[in-house]
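Next up: just one chain, as structure tokens, the form predicted alone.
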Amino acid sequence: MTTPASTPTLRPAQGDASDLAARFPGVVSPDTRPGFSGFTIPADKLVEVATIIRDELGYDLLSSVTGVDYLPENKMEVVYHAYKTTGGPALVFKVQVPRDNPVVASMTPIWKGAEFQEREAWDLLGIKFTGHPDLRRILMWEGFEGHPLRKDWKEAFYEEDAKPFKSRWPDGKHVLAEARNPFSDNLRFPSGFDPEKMTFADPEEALYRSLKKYTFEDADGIQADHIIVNLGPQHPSTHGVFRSAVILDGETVVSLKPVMGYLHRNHDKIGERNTFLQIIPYTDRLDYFCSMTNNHGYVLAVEKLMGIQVAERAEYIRVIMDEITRIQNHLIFFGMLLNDLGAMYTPALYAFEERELILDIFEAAAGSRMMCNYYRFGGVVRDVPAEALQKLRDLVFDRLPGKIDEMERLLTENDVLVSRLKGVGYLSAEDAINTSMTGPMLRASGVPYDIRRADPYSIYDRFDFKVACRPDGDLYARYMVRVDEVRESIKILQQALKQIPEGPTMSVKPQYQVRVPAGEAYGRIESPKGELGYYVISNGKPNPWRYHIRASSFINLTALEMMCKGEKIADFVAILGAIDIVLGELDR
């Protein structure tokens, strides 16, 4: 049963976007570019206006921060999407600065959730954020030369700005890029770079001089050794190549810095090189457990730009695929969390057994078990076979309800599980909102915010389900919220399977190339891990001008240090596991 949560004391939620221009006449102006929305704010007024947006208009959740390079206009733009946790659409505000000196005030004093996103914009676009507490590279390595998302930056083996490459289509007389341009000629290092003499200035020194002891004096003048310990990146409990540098006082965590980017392949740049349709299979490879929902968020953004409706039957299929994706994701979460706690495979194998049955449905519909490439603009690529729908009905009505009961009997009141999770990794409602947590992480801190209810998309407003929410803000609440969500997903699936109509699965004629009108769009969904958003800018050409992903796995780590401080080092693995990250989405 879903435990009702008392609503936390949050900032007032009165006011709307129209109040902003009235409050700052002549300062805040609507974005009048065709196909664009939101408000433009001068850089010197950004902090003042953003504070009003949060404190007086009630937009307490800063969801997305996106940098954009407008090379032809010689300017950079930062786009912010803010929401009210009481529900409703976004307030979009933007700031534009000269490209040769892009300096913007940091939003971290107002919304701490901007911290990693601003570091990403600095790393990949070179936008400086004054007042940021730790502005350094986050996805590229510290010796990297340049900012790879700038439009004038060329990668190794650069061929053209956009596909299809002329060398490959229509004539097909291609030459391998590596044969024409040897790799050694593509390496670029900072001026005077010498790997033998390379050093890092603060704050990197504390991060990279790992295992170096520091001596501190306590209030009594007694000297105590603090030690830096690296957890990962090559460690199974980090769920991929992820590293945390931790300062310990004995076994207690004093400070922690996550280090990511080991798996980074610049997904945004790949997207901007590809056509709109070619991007879809790349979204599969973000959170590779949740291919279907990854597709959904992206096609929503492009459908907004194209102004097209989705076929009715396809809407039901999308909801069905999203919800069985949520179930299999949470099942794997249960198994892997228990693995992290030392249960060693037994719960994981129970979870994988059910997941394999769900992947059978994916394979029947999409032809692939993990990288599904199933959604299309206006619908889905093909219908679900009748026998697969019958298997799904058997799963949803007969098997899965009993299996989640069985898993709860095995785990939920287990003394070891409860003792390891109860009261550990606490995160208050206010801190969860301020650090831009979404999904189960936010709802486990007592904030009943679910995009399917707060800002409905697709046909979710047709279904009866509860927002799973727990008030305790600890690891046990994060576990229980996901148990509750599995039950609610089963409820949605049962309704969808009863209501699904006959009809086509595409509202438009399938195309190998789509023309997307100029403009911007932000498509977001409630993915199993939180808000998954795609910010897309089209200039009317076959490729997006800007393609950016608001990744839950990335932003949900903002609160990692906050949850770990004061806890034991043994609890770090459980705290990280309960966030439920996937490195493909984290690093992109």
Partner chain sequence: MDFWSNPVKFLDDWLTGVFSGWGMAADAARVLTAFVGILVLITLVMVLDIFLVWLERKIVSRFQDRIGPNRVGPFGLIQPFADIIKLIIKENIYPVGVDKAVFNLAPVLMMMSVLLLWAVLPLTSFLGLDLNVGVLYVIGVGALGTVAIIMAGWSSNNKYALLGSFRQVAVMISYEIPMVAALLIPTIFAGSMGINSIVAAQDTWYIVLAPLAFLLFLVSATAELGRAPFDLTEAESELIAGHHIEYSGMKFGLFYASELLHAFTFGGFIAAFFFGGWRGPWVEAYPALGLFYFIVKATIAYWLFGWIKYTFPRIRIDKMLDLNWKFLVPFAFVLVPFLALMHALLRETSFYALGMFLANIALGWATIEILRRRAHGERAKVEGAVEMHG
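Numbering follows the first chain given and starts at 1. Only a predicted model underlies this, so the values are computations on that prediction, with no experimental measurement involved.
Although it is not shown, the form predicted together with its partner chain is what the next lines describe.
Participant: Can you work out which of 350, 282, 129, 465 has a heavy atom no more than 4.5 Å from its partner chain in the predicted bound form?
Facilitator: Going through each option in turn, the one that passes is 350.
Participant: Just one of 229, 518, 497, 454 has a heavy atom within 4.5 angstroms of its partner chain in the predicted bound form, so which one?
Facilitator: Spelling it out, the residue with a heavy atom inside the cut-off is 229.
Participant: Within 4.5 Å of its partner chain in the predicted bound form, counting heavy atoms only, one of 311-319, 414-422, 105-113, 370-378 shows up; tell me which.
Facilitator: Checking each option against the 4.5 Å cut-off leaves 414-422.
Participant: I'd like to know whether residue 237 contacts its partner chain in the predicted bound form, with contact meaning heavy atoms within 4.5 angstroms.
Facilitator: Looking in the predicted bound form, residue contacts with its partner chain include residue 237, since a heavy atom lies within 4.5 Å.
Participant: Should residue 364 be counted as a contact of its partner chain in the predicted bound form, where contact means heavy atoms within 4.5 Å?
Facilitator: Residue 364: no, not in contact with its partner chain in the predicted bound form.
Participant: Is residue 573 a contact residue for its partner chain in the predicted bound form, using a 4.5 Å heavy atom cut-off?
Facilitator: Heavy-atom contact with its partner chain at 4.5 Å: present for residue 573.
Participant: Quick check on residue 341: any heavy atom within 4.5 Å of its partner chain in the predicted bound form?
Facilitator: Although its partner chain is absent here, residue 341 would touch it in the predicted bound form, with heavy atoms inside 4.5 Å.
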